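Encoded as structure tokens, the following chain is the form predicted on its own, with no partner shown.
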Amino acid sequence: MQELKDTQSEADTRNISIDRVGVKGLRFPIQIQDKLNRIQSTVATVSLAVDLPEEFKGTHMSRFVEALHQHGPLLDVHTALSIPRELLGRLSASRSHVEMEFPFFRAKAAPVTGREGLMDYVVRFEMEAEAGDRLADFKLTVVVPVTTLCPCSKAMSSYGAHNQRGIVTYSVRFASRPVWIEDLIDLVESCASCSLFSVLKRPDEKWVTEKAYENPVFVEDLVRNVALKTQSHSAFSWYRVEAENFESIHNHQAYAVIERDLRS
């Protein structure tokens, strides 16, 4: 068989290294084990990248996909962390980065009637590895929709208060053992005026309306509430929480961010 030219391995004379090069937007079926030890099938959007030294013209794109396929569809924190290390070896790189974003579904019962419906949340795994380091970095993010009710509006008004849906993007690194995705979602939902439900009958709708009214939070309150609960938990070494409210009486969003390294 005739040997084909390997253009990517040719020398480059511009003396400029590349921080990340690879593939993104790759959809891949995965299976996630939930807290109840059930296997949930979903579809992840995957990005895989490595650094490229200045002396090489290009990287070998097919090797990224091969590394992903080699590990199969069943993922947890430990198996996911092996993928960036696999990239280091396959592509002779010094740094690698892997990101997987996927919808995570959870059955949730209505607060009064108990009617169940599925809630979906965005979950993201971000992993980085460096040659010579024993452990790869792992960051877990959950994107959680919530209800917020404005404390100022409630205080000023004779009746009612404006409320809206908000989005909390909550990222953590673990100090020791990983924490379940469901536990991170619960932590965030407990900090809002009220959580969301996919199925609500009339008694449930009354309950969530009154629940939010009794628990008004600014966007500032929301991120501080999440921060306090995170900092009281020994499992985390770092966190970032961002809350964004889609204001019902304004043509803009309100947002707040807190990021802390808990190792110091």
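Note that the structure is predicted; figures quoted are calculated from it, not measured. Residue indices: 1-based, along the sequence shown.
The next section is about a form of this same protein that is not shown, the form predicted in complex with a further copy of the same chain.
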Practice task
Report whether the minimum heavy atom distance between N37 and a further copy of the same chain in the predicted bound form is within 4.5 Å.
Solution key: no
Exercise for the section: Would you check, heavy atoms only and a 4.5 Å threshold, whether L200 touches a further copy of the same chain in the predicted bound form? Expected result: yes
Handout entry: Contact label in the predicted bound form: Y121 to a further copy of the same chain, heavy atom within 4.5 Å
Key = yes
Exercise for the section: Give a yes or no for L262: in the predicted bound form, does one of its heavy atoms lie within 4.5 Å of a heavy atom belonging to a further copy of the same chain? Expected result: no
Handout entry: Heavy atom within 4.5 Å of a further copy of the same chain in the predicted bound form - residue from V77, C152, A131, A109
Key = C152
Practice task
Just one of 79-87, 179-187, 113-121, 134-142 has residues with a heavy atom within 4.5 Å of a further copy of the same chain in the predicted bound form, so point it out.
Solution key: 113-121
Problem - Partner contacts for 181-214, taking a further copy of the same chain in the predicted bound form and a 4.5 Å heavy atom cut-off - result: L196, F197, S198, V199, L200, K201, R202, P203, E205, K206, V208, T209, E210, Y213, E214
